[in-house]
Structures are given as C-alpha cells and as structure tokens.
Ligand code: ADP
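Below, in structure tokens: the form predicted alone, a single chain.
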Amino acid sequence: MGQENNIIEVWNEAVKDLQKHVSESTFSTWILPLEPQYFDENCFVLHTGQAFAANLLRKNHYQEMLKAVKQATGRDLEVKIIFDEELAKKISKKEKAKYNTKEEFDTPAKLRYDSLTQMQSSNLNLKYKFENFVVGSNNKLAYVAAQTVAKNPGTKYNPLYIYGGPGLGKTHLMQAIGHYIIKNRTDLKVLFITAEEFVNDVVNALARGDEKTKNMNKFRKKYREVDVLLIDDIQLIAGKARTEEEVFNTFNTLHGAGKQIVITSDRTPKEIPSLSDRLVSRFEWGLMADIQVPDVETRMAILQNLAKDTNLEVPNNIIEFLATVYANNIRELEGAFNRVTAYASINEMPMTIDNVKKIINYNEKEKSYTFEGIVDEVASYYNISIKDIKGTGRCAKVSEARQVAIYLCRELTKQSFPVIGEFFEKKHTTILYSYDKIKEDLILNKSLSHSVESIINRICK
C-alpha cells in the first residue's frame, strides 16, 4: 500500500510540473488520463487507454515528461507509455477524459489539484472552457452573454437561455461559465446537470417508499443550495409534470435569491412541445441567445485550434477539406479530426486528401445535403411540385410530403429549426410540429417509414 501511495504522490508532482509546460488542451486530454503503474531504478511506467496517446506524447512532449519525472523522483528515468485495453474500455464508457463522478476523481492516477472539491461537485468537463471556444458570427451573442454571466453571476441575464442545433457548442459554452466562476469565485457553488439526470433524480427520490419525504428534501437541497445552476438540454423535461414542478420551484427559489441559472436547449422555450406556460414564461425572463451553424472560416479555426492544442502539424488543405465536409455539427467535425490524426499517426500514413477520404469513409455523393436537393427528391417521390411542398395546400398528400421534407431537412442537414423555417417560409412552430409529427409517426406507421427510407435512398444514391 505504501508503495502504491508513493507512486501516486510522485506522479502527481510530475503532473503539476507538466501542467506548466503543455497547453491546457494537451494537459486535460492526454496527460490527466495517464495512470502510473510502477517505477524502479531504470524507468517510470504509465498506462494509457488512448491508442494514439503514446505516439503523440513521445513525439511531442517526451522531453517535458522526462524532466517532470526527474524533478519528482530525483533520477534520470526512461518514461514508458503503454496502451492498456482494459483502461481503454473504461475510458470509452466514461466518455474518455470526462471526470464527472466521485469514483472517477478518487481513481489514484488522477491529478489532485487545488480545485478538486469544486470540480468534483460541479460535474464539469475539464476541456470545456472559454480559452478553447472559437468565436464566430454564429455564436458571438451567446459567447458575450456567457462571459457577462460568468463575470457577474446572478446580476445580469438571469436566466441565460442558450439554444441551437446539436453539436454546435451549447454545452461547451455553458460549462465554460462554470469553470470561470470556479476559478475566480471560489466562494460560489456551481452545479452542472443534464435534464435527463435531473429527471432521474426526481424519479429516484419519489420511488423510495417510506423514505420519500427524506429523499425529496435531500433532492431539493442538492439543487436549491447552489449559487450557479447549469441545466443542459432542458427540452427533455417537457411533458413530465412532476419534473416540471420541481424545475419550476427550483427556478423560483434560486432566481428569488439572486442565484444564476443557465439553460440550454435545441429550441426556444415556446417551441418545446408540452412545456408548461409558466416555465416558458420564466425561461424567457432573462436573455435568449442562439447558436447557429458556424461558417467555413470558423470551422477551420476550430480545427486549427485543435491541431495547435495537440501539437500536430495538419496541412491547411486537410483542414479546409474537413471543414467543408463536416458543415453542420462541431462535434462531428472534431471527431473526424481526431479520427484522421490518430489513424495517420498510428499507421504512419501521410496526410493527403485521398488518405483522409479513406479514413472517414468519404462518399462524394454524401458530402453535402441541401434543402433544395432534399425537397426536389420528396416532390419527385410524391409526384407533386416543389411549389406545392413550399406552399400552403392542405390536402393529405401535400401535407405529408411537406412534413417529410421538413423532417429530412432537419435530419440530413442538422440545420436549426429557424433556418429551415426561413427556407420553407413557415413559422418556427409549424416547422417544429411537422418534424415532431413525422418522428413520432415513423415509430408505428410502416407505410410512412417505407416512404422516408425510399426517399433517403434516392438522396444518397
């Protein structure tokens, strides 16, 4: 036991030194997940669950690691980084470098740093900070509002409601607020929670029989005794009466006490079906800021930041190519970048356009979907005109075709409902209703399911 504690202490000392000499992104993504195994008179052995971490660290940060280990041990030791499949499985289940539970923070290999207690209780992801958030015309309002809230929590824009399509940076921006407050206002208690986790907490508290009153009090204490509450994907509480009631009461308690509330959603409060009017009203009290799909220049800047943070040399033509292919979702864009750089590194493959296409299974026909192309295929399938689909006709055939077209525009392009509404010249509520109706009908309506599948095959062929 003493030997195990010793290596933990030694590695923690080395990590503190490494933090001063590598970028924040490299530190949180590659250094923190390393687990020390043992050291002797010759070498210091670390395990990683990331297949390409060993190559990347040896190539770009080996000298820093040698110096840090020497400073911690007082000896010149070889540093060995070994891939561990079991650790890889664990990291995969935990979404890689996301440390959001007590068990994960208690893992011996993880760094013990000054804000450990705050980080542990706050539920924040280490990589989501203002420093690595790329600002563009698509998100500037939300970014400025987030910084204002972070610097003066509870005094302006309360609540701050950030909305937009999936994978555009809402969660990143929300958690950046939390990180900033933890760093600069150590007296404030921050809590990040997804709406799904909030629902589960409500259900669990209600389901414990004789302990219900005690557990509901514990539940309310958890959420109402914080200074900053961050709730992600609030649309998931809609239609769940008891959960909505708890959100309503929690909101009133915190807002009345001058505590900061930040909320994210994929749509505006009024566009969330079945959300109670009183919650819609409260969510609109502060500032609503949307995040749109970033333009190609912003997407390129995101990739350049990733390359810089991981000390990788990625040719500009590759960055431009990826930014063009992955136009609608930042999460997919970053995932593609990581896949390409990892594969190229492991297989010692040059980064050319042809090689990148193979790595991401690029299909020329699938490189981009346009509203016009989707509507054209839908019109052809239903044997009606594009004008009919974009018009106001209400016969069953035209209505179904219009709703299918709206559904596919959302699914295939990942564009926001307001943008789709502009194309169809329809109100947001109409677009939202059409999308939700087709999504629900597809579950039981085999004929509709066949039609949608056939249209998708036409678009993708």
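Values in this document were obtained by computation on a predicted structure and should not be read as measured data. Start at 1 and count along the sequence shown; that's the residue number.
Only in words, not in the display: the form predicted in complex with this ligand, which the text now covers.
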Non-hydrogen atom within 4.5 angstroms of this ligand in the model of the complex for each of Asn132, Gly167 and Ile302:
yes
This ligand in the model of the complex: contacting segment from 374 to 382, 247 to 255, 144 to 152, 323 to 331, heavy atom within 4.5 Å:
323 to 331
Could you spot which one of Lys390, Lys259, Arg185, Lys127 gets a heavy atom to within 4.5 Å of this ligand in the model of the complex?
Lys127
Which of these residues, Arg224, Arg282, Lys357, His172, gets a heavy atom within 4.5 Å of this ligand in the model of the complex?
His172
Thr341: touches this ligand in the model of the complex, heavy atom cutoff 4.5 angstroms:
no
